[in-house]
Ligand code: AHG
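Here we start with a single chain on its own, the form predicted alone, put down as structure tokens.
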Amino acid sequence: MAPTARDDAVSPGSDPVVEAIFDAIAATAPTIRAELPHRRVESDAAENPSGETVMAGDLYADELLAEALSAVEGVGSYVSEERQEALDAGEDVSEDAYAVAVDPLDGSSNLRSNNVMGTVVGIYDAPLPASGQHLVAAGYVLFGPITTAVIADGDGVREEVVEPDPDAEHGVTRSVVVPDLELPAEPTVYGFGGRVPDWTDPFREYVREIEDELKLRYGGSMVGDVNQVLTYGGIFAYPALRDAPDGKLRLLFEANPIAYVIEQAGGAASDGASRILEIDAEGLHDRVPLYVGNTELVDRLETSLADD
């Protein structure tokens, strides 16, 4: 896939393969968004490899992204939350090609209620499963009132607006709106997933402290809730639960990419005891508790859980 038209400020010195990957993701965004109104029902598939109900929008986004990313020279494999195994991008791919892990439509349960959702991507320089230390870039597309992309690489984090453009080769323009995105020093919001009765006692005690300090912002879509934290400062968590000690989120597709973005923006990401990006993945669909945001809040969380 040839490069999508984009603003000159988009990381001109970055890895050309990484940029081609984000070009391909941006090129799919208007199509995915345009098709969402027609794909708000459950798919014919019983459930995905993680045992969750699959929406028609999930499968459509997955197929579109698999085709687009597999066509990028330098991508060796495509790994998705919706697929049991990795998709080989081609017979002639070199050993140093990237593996791209994608949650095609994070928050797809919000389709029925017409709330925010998005696409999450992590680009690894090792075959998957692998730890987050093999990430070379990560980011997400957010389908909100505006379609935006938040992209993190070795140069930092930037926010772009993704817009249809009939004059661009692939009909999309990427324009940087925040070139150096950082977590605000003064946190404002928090959002925690899971049913309150399922929270552990130490986490519940931590929440009691936080809710006296910050404003609740939780919409049931990780990508949307994390974007609130990145915009206003604060903390997001999908914690370990009494009946689900490994939490809900997938390490390769969700936790690692989001942890990479938050760390590059000056924050911290933990599983409650250790750094997310240092966790060794054993399988493609491993789950992990996730706590991300301003470092001071994550440190306090780890201290609270350690007191259990």
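Note that residue numbering follows the sequence shown and begins at 1. For clarity, every value in this text was computed on a predicted model and none was experimentally measured.
Same protein, other form: the form predicted together with the ligand, not shown, and the subject of what follows.
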Which of Ala27, Leu36, Leu249, Ala268 has a heavy atom within 4.5 Å of the ligand in the predicted bound form? Leu249
Using a 4.5 Å heavy atom cut-off, which residue among Leu135, Val141, Val100, Met222 comes into contact with the ligand in the predicted bound form? Met222
Within 4.5 Å of the ligand in the predicted bound form by heavy atoms, the stretch out of 147 to 155, 206 to 214, 161 to 169, 105 to 113 is 105 to 113
Heavy atom of Trp199 within 4.5 Å of the ligand in the predicted bound form: no
So in the predicted bound form, does Tyr238 come within 4.5 Å of the ligand, heavy atom to heavy atom? yes
How about Gly194: is it within 4.5 Å of the ligand in the predicted bound form, going by heavy atoms? yes
Check whether Tyr218 has any heavy atom within 4.5 Å of a heavy atom of the ligand in the predicted bound form, and answer yes or no. yes
Could you list which residues of 252 to 268 come within 4.5 Å of the ligand in the predicted bound form, counting heavy atoms only? Glu254
